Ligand SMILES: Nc1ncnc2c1ncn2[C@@H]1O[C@H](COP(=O)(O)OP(=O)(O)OP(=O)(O)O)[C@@H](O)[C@H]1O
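Coming up is one lone chain in structure tokens, specifically the form predicted alone.
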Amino acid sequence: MEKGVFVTGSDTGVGKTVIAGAIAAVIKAHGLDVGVMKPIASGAKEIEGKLVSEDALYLKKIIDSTDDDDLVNPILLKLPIAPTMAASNTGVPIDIDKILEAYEELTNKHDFVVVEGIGGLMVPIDDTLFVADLVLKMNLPLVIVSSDYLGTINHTLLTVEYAKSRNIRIKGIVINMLKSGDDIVREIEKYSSAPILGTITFKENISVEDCVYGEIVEDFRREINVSKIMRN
């Protein structure tokens, strides 16, 4: 069995957090002790006088995680912009060692850890490293989340090819918020060297900001081949 999985996106706004949370919840339902992690989050919100990541809160709540917020989300940036820019503007350093130490602690505590990235693989996280480098340092396979939008075929195929060029293992692609039938699915499947794990249709009753899950866990269990994510 894998020790975890890294969830990245073909673009921003494709529902990485929702899919990462569903992966964690479904694997937990298999009887495993599951941890979640959002190594870097920008766009922090103030809740009850404390800056928090809504993504990290959603991931924790969907599996009833009791791990410390600082462990789940070691780097928290207030501005809702690229992490290097947010760090530069706020003076909060992005400490890779701090991220990796938190990840190691989570892997020691749990059977399986679901890590959600920030943006896509080429998002810079400091002057020399991209999200792809973090994936490699964690030695995790990748689940790519795509969605139903203009440009998704190009963005998804580019993400697959870049991951392959960096020797990152790819579990497959989840196409989220599907609205317009299966044409996009067939095109991506036709040209991609990575398998499509399944699709999730668009749901109006899901909100990361409000920690509302709707029926995403049930839909994910029914539509996505989670065993391919868990197995070596």
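Residues carry their position along the shown sequence, with the first being 1. Just so we're clear, the structure is a prediction, and the values are computed from it rather than from any experiment.
The next section is about a form of this same protein that is not shown, the form predicted together with this ligand.
ask   = With the partner removed from view, which of 44-52, 200-208, 185-193, 161-169 is the stretch that lies within 4.5 Å of this ligand in the predicted complex, judged by heavy atom distances?
value = So the stretch in question is 200-208.
task = Give a yes/no on whether M177 approaches this ligand to within 4.5 Å in the predicted complex, heavy atoms considered.
result = Although this ligand is absent here, M177 would touch it in the predicted complex, with heavy atoms inside 4.5 Å.
ask   = Is A24 close enough to this ligand in the predicted complex to count, meaning some heavy atom within 4.5 Å?
value = Answer no; every heavy atom of A24 is more than 4.5 Å from this ligand in the predicted complex.
request  = Output the sequence-ordered list of residues from 12-37 with at least one heavy atom within 4.5 Å of this ligand in the predicted complex.
outcome  = In sequence order, T12, G13, V14, G15, K16, T17, V18 come within 4.5 Å of the partner.
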